[in-house]
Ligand SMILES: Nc1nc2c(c(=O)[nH]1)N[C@@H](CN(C=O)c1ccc(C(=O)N[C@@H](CCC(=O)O)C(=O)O)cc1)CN2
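A single chain, nothing else alongside it, follows as structure tokens in the form predicted alone.
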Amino acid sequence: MTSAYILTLSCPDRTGIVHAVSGFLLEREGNIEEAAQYNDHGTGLFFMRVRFACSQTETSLREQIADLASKFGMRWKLYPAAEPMKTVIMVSKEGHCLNDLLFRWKSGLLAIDVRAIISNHRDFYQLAASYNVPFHHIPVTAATKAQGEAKQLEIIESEGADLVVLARYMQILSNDLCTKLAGRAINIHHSFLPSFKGAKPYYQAHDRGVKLIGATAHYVTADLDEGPIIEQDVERADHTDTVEDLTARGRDTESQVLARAVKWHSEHRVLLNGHRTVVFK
């Protein structure tokens, strides 16, 4: 009986890496179903993602891949392809991204398993209940921020979440929480970064008379809205658009951009490359 796995890796570039990986799988009667690689000439790093089917156990494969990786200085991860990614979604008072993610998840369009929804407001407890997802209301103020984040992290860890999605969660996370969630927390920013940072980018965009508005999905870091970018998209705008027009169209863009970022992350298609990302679409 064979099982499907996804192997991701990065290492200093040199000749023979693809040959070594494909040969390793061939020797173990592994069948490559999908493969992609990228050589970053700027950093001298090589990146690769391989989906393959193999009869060996995950434990056995991990032990053997470790030997291969040591020869090339690889940073690597192995995932069972059929296992959905345990996910916690955080939201505040705007629910368009949350609603979109929940619908895509239940429709089988995202390889995630939504384990909990965390919010600093009660607005979406009924939406959570309609999808049979536990809803945790954790108010956050300047005085209770540390205690609130401790509760949030407790929920995230107890659910074994490998992904935390900030679906328009409008509280700035502390440096400590950002560090603990590094590489597994995705934020959607309602602007085409690096322009118009902060809480009201559509007002800023309208004031500047922009001809394009957009949205950016990025990994969360301690540097506000400056984490590695996963996906972006834009919409045309013109002089007749009001702030309300820009906001309405922006919400659609935000939902689509975030959904794509969550999809690619949950399928292990995103590899960190310093402050940038490699996305094997």
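The numbering used is simple: start at 1 and walk along the sequence shown. None of the values given here were measured: they were computed from a predicted structure.
What comes next is about the form predicted in complex with this ligand, which does not appear here.
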{"item": "All of 166, 172 and 220 within 4.5 Å of this ligand in the model of the complex, heavy atom check", "value": "yes"}
{"item": "Contact segment among 182-190, 152-160, 205-213, 71-79, judged by heavy atoms lying within 4.5 Å of this ligand in the model of the complex", "value": "182-190"}
{"item": "Contact residue in the model of the complex, from 178, 116, 85, 138 (heavy atom within 4.5 Å of this ligand)", "value": "178"}
{"item": "Heavy atom within 4.5 Å of this ligand in the model of the complex - residue from 234, 248, 26, 224", "value": "224"}
{"item": "Residue 145, heavy atom within 4.5 angstroms of this ligand in the model of the complex", "value": "yes"}
